[in-house]
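Taking the form predicted alone, here's one chain by itself in structure tokens.
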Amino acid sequence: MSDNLVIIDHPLVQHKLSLMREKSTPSATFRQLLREISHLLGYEVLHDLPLTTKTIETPLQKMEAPVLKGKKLVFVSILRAGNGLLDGLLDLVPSARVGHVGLYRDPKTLQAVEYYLKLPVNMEERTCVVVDPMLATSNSASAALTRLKQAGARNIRMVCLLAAPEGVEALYKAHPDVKVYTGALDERLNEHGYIVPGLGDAGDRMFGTK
């Protein structure tokens, strides 16, 4: 497996992920679990953010207190399912900027088709975290990363719930500089490009659609 993969095997991540995999889990519960898992993933993904200090005054005295350094983070959601992870990350960093990349997968070719793009300014100065629950073929993720780099992004990392070996390898070939953080590496893709055993279509599970 490529060097760009980090599997976050925290017991709470694994437990919540198992609940999400069950086909009987209702949409409301699925969304809540996704938000909870995104908190846990976020701690790992953001563990190396640079810090500086500023002078503050506590109830007892002044001190040099650590604060995040540089331009604000940007979280980029690959629509539509990425919004489930986005909400949880914004709980952790409410001041982060937000970008959206609208992509859908052509059912015949499995290639990504872009229909929307909206990003903050000064992308080259920001740490960019891309979110999408499933890294399957990686076609959508790879297309989104290409667009972010065209917009100037340089420090990019990706967060997903589940990944397939084929998708991880394909993404590494296209974007070897982007590290992928995931809750689990599943067995394979099926003939329709879905992760097995997986959890089905994350967007449909979130919103109760088919």
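Note that the structure is predicted; figures quoted are calculated from it, not measured. Note that residue numbering begins at 1 and tracks the sequence as displayed.
Omitted from view is the form predicted together with uracil (URA), to which the following refers.
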| One stretch from 70-78, 93-101, 132-140, 109-117 that, in the predicted complex, holds residues within 4.5 Å of uracil (URA) by heavy atom | 132-140
| remark: Checked Asp9, Glu22, Glu187, Asp201 for heavy atoms within 4.5 Å of uracil (URA) in the predicted complex; positive is Asp201
| query | Counting only heavy atoms, which residues in 92-124 are within 4.5 Å of uracil (URA) in the predicted complex? | reply | Arg105
